[in-house]
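Listed next as structure tokens is one chain, alone, in the form predicted alone.
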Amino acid sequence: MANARDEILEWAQQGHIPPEHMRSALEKSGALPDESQWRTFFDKVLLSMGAVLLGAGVIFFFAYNWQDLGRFAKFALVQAPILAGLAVVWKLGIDGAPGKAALITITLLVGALLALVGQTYQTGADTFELFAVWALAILPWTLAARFPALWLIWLALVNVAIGLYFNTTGRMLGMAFRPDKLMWVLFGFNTIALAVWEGLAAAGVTWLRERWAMRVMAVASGYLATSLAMHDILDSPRGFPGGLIAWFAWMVVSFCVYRYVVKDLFVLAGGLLSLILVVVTAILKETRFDSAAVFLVIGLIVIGISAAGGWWLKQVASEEESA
């Protein structure tokens, strides 16, 4: 559908299709989704939003009415939707959209239930333990559901648990854990998760081939690699440039994988953005802001890299369409 749309738009730019006939050409080529496809799309979007909002609504309701609700009412308010969600999954199955939406709601409510237990009985557990136990509790149905969105929630919980763990232990041990140590750990975790996901998708696990999920993980991994490089430039000018080396390795590997193996323009564009950020940070570090010409030069560099990157991405897209 995307190729047909691109070809028609290109013909229109060349003047082969008059503007008044554009919609007719798109409809006849199948480039525009029909009524049933729009209905299916909105069904899934609204179902997913409803599942998330239902879980969030229960959490905010009993949080707002915390003082007015008794202990048993609070537990009933959280446990009843969990049991209802489990009944939906049991009745409709785990492979359909309603079952997966129910699992998302249950996942959110399990976290609320664990927080409620901690607040009610004052277990003394640290916050990172809540998120770690939360991730552990939802792992069984995350494994069984074969649902990318649920895996992303699980990865997000582990990321939060790791961050809170370093925050807590860093305060206890002073300088033992510096901020860049946390970025290193999160970078390693998210990069390994991305590599495993891509590897399993390439090996034939079809439900892992949804590109949007891999792009979310690529953004997380690339953001952390870029942050490590910028940290090295700004805060560790005389130390071992481990962050810069890791960022350079990430850029080379990402270019090879997403240019020649998987071919993902979104990730390649993200790599270009990372390159611009690191280059500008290095220039700013060595520049004295004593004239307007400095800002002009930096602006020209950003425009130059962006224009060259845009031209290159267009060439890559053209090669993929002609392949």
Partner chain sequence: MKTMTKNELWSQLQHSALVQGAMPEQHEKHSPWFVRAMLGVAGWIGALFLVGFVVTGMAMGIKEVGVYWFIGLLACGGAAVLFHLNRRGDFVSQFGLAVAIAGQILMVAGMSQWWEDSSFTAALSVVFVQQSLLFFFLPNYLHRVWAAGTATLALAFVMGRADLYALVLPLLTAALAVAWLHEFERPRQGDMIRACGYGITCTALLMSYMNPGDWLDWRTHSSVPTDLAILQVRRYMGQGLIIMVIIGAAILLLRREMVALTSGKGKAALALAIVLALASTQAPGLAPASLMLLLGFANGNRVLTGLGVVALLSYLSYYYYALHATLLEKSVLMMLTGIALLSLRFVSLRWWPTLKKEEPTHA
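Residue numbers count along the first chain shown, from 1. Since this is a predicted model, take the numbers as computed values, not measurements. What we label the rigid core is the largest C-alpha set whose atoms superpose within 1.5 Å from one form to the other.
The protein also exists as the form predicted together with the partner chain; that form is not presented, and the subsequent description refers to it.
Please pick out the stretch from 245-253, 123-131, 210-218, 193-201 that is in contact with the partner chain in the predicted complex, where contact means heavy atoms within 4.5 Å. Single hit among the candidates: 210-218.
Indicate whether the partner chain has at least one heavy atom within 4.5 Å of a heavy atom of L277 in the predicted complex. Close contact exists here: in the predicted complex, L277 approaches the partner chain to within 4.5 Å, heavy atoms only.
Is K285 part of the interface with the partner chain in the predicted complex - any heavy atom within 4.5 Å? Contact with the partner chain, no.
Should L265 be counted as a contact of the partner chain in the predicted complex, where contact means heavy atoms within 4.5 Å? Contact check for L265: yes, within 4.5 Å of the partner chain in the predicted complex.
Might D235 be said to contact the partner chain in the predicted complex, defining contact as any heavy atom within 4.5 Å? Contact check for D235: no, nothing within 4.5 Å of the partner chain in the predicted complex.
Counting only non-hydrogen atoms and a 4.5 Å cut-off, give the residues of 110-124 close to the partner chain in the predicted complex. Stretch hits: zero.
When you overlay the rigid core, is the Cα of A63 off by 2 Å or more between this form and the one not shown? It does, since the A63 C-alpha is displaced 2 Å or more between this form and the one not shown after the core fit.
Please check if L26 moves between this form and the one not shown, taking a CA shift of 2 Å or more relative to the superposed core as movement. Where the cores coincide, L26 still shows a C-alpha shift between this form and the one not shown that is 2 Å or more.
Using a rigid core superposition, assess whether W312 undergoes a CA shift of 2 Å or more between this form and the one not shown. Shift of 2 Å or more: no.
Look at the CA atoms of A12 and K314: state whether they lie closer or farther apart in the predicted complex than in this form, given a difference of 3 Å or more. Farther apart, which means the C-alphas of A12 and K314 are at least 3 Å more distant in the predicted complex.
Based on a C-alpha change of 3 angstroms or more, tell me if K314 and Q13 lie closer or farther in the predicted complex than in the shown form. So the answer is farther.
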